[in-house]
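Okay, here we've got a single chain as structure tokens, the form predicted alone, with questions on binding and movement later.
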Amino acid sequence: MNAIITLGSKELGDAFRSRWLIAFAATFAAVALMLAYVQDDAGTVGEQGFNRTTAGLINLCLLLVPMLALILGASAIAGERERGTLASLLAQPVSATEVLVAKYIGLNLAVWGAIAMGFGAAGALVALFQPIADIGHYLLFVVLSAGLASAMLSLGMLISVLADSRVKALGGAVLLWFVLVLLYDIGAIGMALAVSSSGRTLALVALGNPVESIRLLAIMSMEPDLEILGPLGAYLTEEIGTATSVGMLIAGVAAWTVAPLAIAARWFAHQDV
């Protein structure tokens, strides 16, 4: 446990010295403020609090959070291997699993910190100029963004273990980001609609992608009426029930967080450096 804490603390410090995290936090804060400013000009922030700001950030977060987490995760092991420091690290009295878990914890805390700083700075500044009518949805989306980051970081770590170079790991991370964030809606969901437009089929497809699951959770938190989701919304509310649907989607994201990391740990433990 001491080894995990020590290595995790080092990974956390190294991550916060990365320009990626600084740029990420600054981008989120700037965009949130810009959205709030535009809505203030339209006279909507005071009436609806953070609701409209949160709605505007959903699509942006679903683009940037997976990209950041995948890139950081993909660089974790492959970068050490390429620099020649992985062998020295594993020569210490620590196991491969401890190294992997420590890196995951350190990077996870770093990404959470960047998300909290970006959203926190924007939220605090918005609150200075407008009364906070509904900050709950805003805070909930921060939590959902953190959950998505954990799942994507786990996938990035798996890519990093499987790749034999940092370039290949980063290439695999970008490809996975493209598939999950951009191609999935067109491909998997489009194919599901072609085969069967039932809500059950669409729900299974949504569970197959943590990005889609988080998107649905965000929509469900802001829209009590899910008719905008068509057959999927009707299935989630009428057939399964809203509370059960939320639990199912959260469980799906949790599975996407635990399973890739477990596979990566098992593979890494039997891998030659």
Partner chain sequence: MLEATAVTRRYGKTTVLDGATLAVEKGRVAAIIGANGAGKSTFIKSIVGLIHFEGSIKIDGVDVARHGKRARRLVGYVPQDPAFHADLSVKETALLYANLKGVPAARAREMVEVAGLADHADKKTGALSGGMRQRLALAVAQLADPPLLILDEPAAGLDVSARLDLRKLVDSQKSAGKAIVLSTHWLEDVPYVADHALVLDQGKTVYSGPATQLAAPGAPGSKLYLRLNGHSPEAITLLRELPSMGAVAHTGDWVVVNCAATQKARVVEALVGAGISILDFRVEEAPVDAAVLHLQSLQRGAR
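Numbering follows the first chain given and starts at 1. Note that the structure is predicted; figures quoted are calculated from it, not measured.
Keep in mind that the form predicted in complex with the partner chain is missing from the display, and what follows is about it.
Partner proximity in the predicted bound form, defined as non-hydrogen atoms within 4.5 angstroms of the partner chain, places exactly one of 138-146, 92-100, 154-162, 170-178 at the interface: 92-100. The three residues 2, 6 and 84 all sit with a heavy atom within 4.5 Å of the partner chain in the predicted bound form. Although the partner is absent here, residue 17 is a contact residue: one of its heavy atoms lies within 4.5 angstroms of the partner chain in the predicted bound form.
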